[in-house]
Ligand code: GDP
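Given next, in structure tokens, is a single chain: the form predicted on its own.
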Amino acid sequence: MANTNKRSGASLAAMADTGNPERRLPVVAIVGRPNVGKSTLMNRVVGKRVAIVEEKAKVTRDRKALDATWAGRKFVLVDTGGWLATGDELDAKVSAQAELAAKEADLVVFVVDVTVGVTDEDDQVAKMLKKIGKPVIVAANKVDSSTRDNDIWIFSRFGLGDPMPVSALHGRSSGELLDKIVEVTDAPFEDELEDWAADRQDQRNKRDHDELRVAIVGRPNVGKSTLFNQLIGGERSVVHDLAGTTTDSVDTLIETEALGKVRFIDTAGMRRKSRVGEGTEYYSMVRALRSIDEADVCLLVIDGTEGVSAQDQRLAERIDAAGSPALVILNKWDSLSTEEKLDTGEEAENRLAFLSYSPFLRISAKSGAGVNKIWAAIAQASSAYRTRIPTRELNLCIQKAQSEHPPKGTRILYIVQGATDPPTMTLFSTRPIDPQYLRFVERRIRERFGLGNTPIKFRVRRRSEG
């Protein structure tokens, strides 16, 4: 279907910013009550499985936005959680996010279910949209065949214009819906913006290269979303005391004085493999693991009241294998007694000893206590992760280490740093190097060049002295 690129940010206005002050991509928000097929429609339009879809109400809980192009015209498509007039605290937060998306959008696609007809919740959504006053397209979903075409007219009672029949699942009339979207938003033709598009791509490449990606990972219900909201300074991710609230990766790009552009990624809580099903949780886990692999820094959040579990250890191993710096965040620290703090801290450092380069930060994401320490640790980890050491200084360090503590049965002839992100060293030696001696070399390099908060990778190559 439409060509897409993922977008995210603190507001829809930021999502639609093109970098050209005279041009702003139109924003199209998909809203409706739970389980009418909003995410299925999103996936149909973008032509790939981006939004998580499952036959279960309230699966989508956070906004997700993507660039879309149809008939040479661009717009930003935003999927929202199900809007509810009444419900619990979580429902209220989800509804508030959906309403905010509608207010910030240039056009709203109001999705309803033709197989159910008009519900009280549909009426409430319609009243909310009328109050906002934005252009609305009523998309009557699940019109899978022509036998249901006449059923759509019941939705005319909303007073939001003639409803359009569509089948998000099968793609029926989705092209007509997209035609209507670009007609209403009047997005600019691509050929009118050829020069600007080239400049924008240059800016995007530079921005992506410059921004720091920080992934927040951990088991369900350890406080990842609460920490995410504390770090970005606003309630962007829905927070509730219920395991699995975040069912997708949600990210926000912010500007900081010390670090420049930082993209925080709030990932879904990762359960044990045996407890992950074939549907929503599986796709959430895949995206969370991908976020780890693509991150510059990972914040591993652990519930301090429960201590380090076997699943926490496996997540730490995955972060270590990905080569990303890890900051171990012991959350809910204010809930522990003095004795419990001593026991929990010691246990965490023992069970995650293979992350010996990582700082262990004690915080309370809910109150914000200790959260500021994370910024300094991220800055140090980022600097170390991207450090490139001159070859001459590396070899002087290795020569001094060997003179003080010679390796047994071999000699390191030369060392060179081949890459950054993380620092990757190649050692040329006469024979294989004992792993224990390699750890000694790593400690010396880490101490000499201040690489405290990043992993270091070593490759050993054999070469004769003659």
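The term rigid core refers to the most C-alpha atoms you can superpose between the two forms while keeping them within 1.5 Å. All values derive from a computational prediction rather than experimental measurement. Don't overthink the numbering: it's just position in the shown sequence, from 1.
This protein has a second form, the form predicted together with guanosine-5'-diphosphate (GDP), left out of what is shown; the following refers to that one.
Contact annotation for the candidate site: Ser39, Arg219 and Gly223 all lie close to guanosine-5'-diphosphate (GDP) in the predicted complex (heavy atom within 4.5 Å). Mapping the unseen interface onto this chain, Ala168 counts among the residues with a heavy atom inside 4.5 Å of guanosine-5'-diphosphate (GDP) in the predicted complex. Shown alone here, Asp179 lies farther than 4.5 Å from guanosine-5'-diphosphate (GDP) in the predicted complex, counting heavy atoms only. Not displayed here, guanosine-5'-diphosphate (GDP) is kept clear of Arg73 by more than 4.5 Å at the level of heavy atoms in the predicted complex.
Using a 4.5 Å cutoff between non-hydrogen atoms, Pro34 counts as a contact of guanosine-5'-diphosphate (GDP) in the predicted complex. Between 352 to 360, 118 to 126, 339 to 347, 136 to 144, the stretch whose residues reach within 4.5 angstroms of guanosine-5'-diphosphate (GDP) in the predicted complex through a non-hydrogen atom is 136 to 144. Residue-level contacts in the predicted complex: of Ser324, Ser364, Ser174, Ser291, one residue has a heavy atom within 4.5 Å of guanosine-5'-diphosphate (GDP), and it is Ser364.
When guanosine-5'-diphosphate (GDP) is considered in the predicted complex, only one residue from Asp151, Asp334, Glu306, Glu317 comes within 4.5 Å through any heavy atom, namely Asp334. With the core held fixed, the Cα of Pro423 is displaced between this form and the one not shown by less than 2 Å. Annotation for Pro407: C-alpha shift under 2 angstroms between this form and the one not shown, rigid core superposed. Shown in the overlay between this form and the one not shown, fitted on the rigid core, is a CA shift at Gly323 smaller than 2 Å.
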